[in-house]
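Coming up is one lone chain in structure tokens, specifically the form predicted alone.
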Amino acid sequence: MELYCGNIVYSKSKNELVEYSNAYIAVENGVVEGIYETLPEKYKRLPCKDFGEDVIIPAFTDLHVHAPQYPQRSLAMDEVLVDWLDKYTFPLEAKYKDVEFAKAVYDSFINEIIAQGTMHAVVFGTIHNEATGYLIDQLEKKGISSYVGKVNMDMNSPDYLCESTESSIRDTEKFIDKYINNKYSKPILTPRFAPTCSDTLLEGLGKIAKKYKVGIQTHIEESIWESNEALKQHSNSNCDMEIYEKAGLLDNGPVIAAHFIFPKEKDIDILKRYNGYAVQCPDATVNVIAGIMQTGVLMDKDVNLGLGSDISAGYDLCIHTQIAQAVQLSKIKSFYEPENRKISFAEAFYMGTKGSGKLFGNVGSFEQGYSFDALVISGVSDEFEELSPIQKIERFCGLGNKSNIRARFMRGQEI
């Protein structure tokens, strides 16, 4: 049994933040046993690590991130989506044919997501099996709960990054078969998005999904261009989600729909039918001028919502800043489109912790039975006024950085 003392904040529900001041959290075998405002007699003789006025919160979950784009973070932000892909992102991803280059980038990427307090992630690789294999191997070794995908692209892509349909299906099955029994970092099917994937490719991936019982991550209704192009290429479907449903890709594992900015009602119905997740990436969608998710509306429709850093369309790997940005963008959306309500800080915090964490089981909260994946946040109060625990975390999300993370815990072990 391990005991920790400090201020404690976590999400109990999507609109309810719980806070404790100077309380105790008991952790047994890496799992939360309970939170106590007064320490029970049976625990009084056990050692306790006291974090004083610092705040203990659940670690973050990043539901949409492009690991190979890590070298490009905060660069090339002067282009919109299509030009950004063609001029910068696709040439960068082509470099991952060089496995030594990939190793250097992915080692740095993994160290940084841990530094930023992310303990769970859904990750895009590239079309390259060997490089993406190194990525999933290293995440597995670090024990980071994650899904990792080898990307599929067989049309409407640069020659240097366009696979044949047959090789894309073949290499994907090799990747899935090799890593399907991983303990922490699992493979996931990753068609980049509908405009770069033929019907034949998607149908082939659907057969792999059924054979291995594996899920899918992709970009859904990210921009008006993407939405129109998807239906042009797949004219037998009426919406983005239906393309993947018809290919048999949605009923075999997790379904991660990145962005989900311009969904039709049918998109929403299909996503909910398969208990999928819509992922808001606030920085990214502003930077490439894709649009703003109707977060409040989707939340009220009980759509599973999470947050993604989406580097390198997003600036960096900080999920806490995406929490603050999600609130900000919801206010802008509500101002210009009053039918879209703004969301609260509590709702945004839920999206970055418990709401997205449930993809990986009992993570993202400190309720009894949840994994103690945790961060200790320090140094955000003013000298002239002590903030409440929730206020400290709200300020951290708006102004903080990784230097404010005093300690990190994964499954009860400090790392």
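Heads up: residue numbers just count along the shown sequence, starting at 1. From a predicted model like this one, the values you see are computed outputs, not experimental measurements.
What comes next is about the form predicted in complex with a further copy of the same chain, which is not displayed.
- a further copy of the same chain is not shown here, but in the model of the complex it comes within 4.5 Å of a heavy atom of Phe262.
- Mapping the unseen interface onto this chain, Lys331 counts among the residues with a heavy atom inside 4.5 Å of a further copy of the same chain in the model of the complex.
- Interface membership of Asp78, defined by any non-hydrogen atom within 4.5 Å of a further copy of the same chain in the model of the complex, is confirmed.
- The closest heavy atom approach of Ser108 to a further copy of the same chain in the model of the complex falls within 4.5 Å.
- Interface residue among Asp267, Glu163, Asp199, Asp283, judged by heavy atoms within 4.5 Å of a further copy of the same chain in the model of the complex: Asp283.
- Only one of Pro158, Gly143, Gly248, Gly291 lies close to a further copy of the same chain in the model of the complex, with a heavy atom inside 4.5 Å, and it is Gly291.
- Of the candidate stretches 360-368, 383-391, 30-38, 57-65, only 383-391 has residues with heavy atoms within 4.5 Å of a further copy of the same chain in the model of the complex.
- Contact here is defined as any heavy atom lying within 4.5 Å of a further copy of the same chain in the model of the complex, and by that definition not a single one of Trp225, Gln233 and Leu271 is a contact residue.
- Within 4.5 angstroms of a further copy of the same chain in the model of the complex, the stretch 89-110 places a non-hydrogen atom from each of Leu92, Lys95, Phe101, Ala104, Val105, Ser108, taken in sequence order.
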